[in-house]
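Just the one chain here, the form predicted alone, laid out as structure tokens.
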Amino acid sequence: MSELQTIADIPKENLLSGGTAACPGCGSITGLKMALLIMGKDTVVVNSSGCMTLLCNYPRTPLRVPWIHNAIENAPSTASGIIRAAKRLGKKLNVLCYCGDGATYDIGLQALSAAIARNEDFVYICYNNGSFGNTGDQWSTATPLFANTTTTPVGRKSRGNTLSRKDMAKIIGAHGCYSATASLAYPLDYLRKVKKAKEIKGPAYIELLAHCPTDWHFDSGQGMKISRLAVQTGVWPLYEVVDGVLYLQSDKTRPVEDFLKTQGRFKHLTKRETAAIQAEVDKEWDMYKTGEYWKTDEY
């Protein structure tokens, strides 16, 4: 595959048709469609229970590649079985785990960590929409600070989620494998990272910010704008972790309020709460700039 310099370099074979049961404006379905452009037709998609379970209405599926649905906690274990079966049969397959943040951050973390420790040859993309979206927008450890969910509601004495989001991409990077963050608003960056992950021998992890109109409460046509604001405000920094070294690839150029005010899940925020989120983002970026996270120069 040639280098991805422009949109014209992106492969044209579409392996996911229209007519899915995904919500209008769903970032997760777009992320899978784009990933398959790079992964190619010799790919098996492993899908933990989650929003993308909607892709299959047996015996029909919009995918033009094999698709395996499994329990929410064991996509990496299923991938391990596929890898061994393909080896036994003498087949070369690309194995793509495409799983939500609930299946990645929480219920499936043990299986993912173990598969990476075994050096399994697969690509794992976490489509992060910040909650257990498929079952009604419950809190996960990927939920942003002060976000309103069905299990962290806003009321007189409650202000949404009071816990900071787990930083999964750095946790996976600390395992020693390739780990990266991505945004649909920066498609070439995302596709280049998928290409790099595909070509790596061994495990590779990408965390994709997957905008969710249903649970974030915004107009379905605004997803790319909001995803771009997440990067520009520093809420969702773009980086890669290669051989344990972090390389920062974006900058913080706007206040977090520009991102927060676009979504109903944050409409309750007071100025003090907005300032607290800004302080949390600023603290993280201070660590990037001072090199307290790994290196921040280009490689």
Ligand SMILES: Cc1ncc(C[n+]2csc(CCOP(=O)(O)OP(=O)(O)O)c2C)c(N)n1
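Numbers for residues come from their place in the sequence shown, where the first is 1. Bear in mind the structure is a predicted one, so any value in this text is a computation, not a measurement.
One more form of this protein exists, namely the form predicted together with the named molecule; it is left out here, but the text below deals with it.
The contact residue chosen from 167, 121, 73, 189 relative to the named molecule in the predicted bound form is 73, the criterion being a non-hydrogen atom within 4.5 angstroms. The listed set 134, 149, 94, 78 contains one residue whose heavy atoms approach the named molecule in the predicted bound form to within 4.5 Å, identified as 134. In the predicted bound form, the named molecule lies within 4.5 Å of some heavy atom of residue 49.
Taking non-hydrogen atoms only, residue 143 never approaches the named molecule to within 4.5 angstroms in the predicted bound form. The named molecule in the predicted bound form comes within 4.5 Å of no heavy atom belonging to residue 112. Interface residue remark: residue 207 is not counted as part of the site for the named molecule in the predicted bound form, having no heavy atom within 4.5 Å. Considering the named molecule in the predicted bound form, the lone stretch of 34-42, 234-242, 258-266, 50-58 in range is 50-58 [heavy atom distance within 4.5 Å].
Along 269-288, no residue reaches a heavy atom to within 4.5 Å of the named molecule in the predicted bound form.
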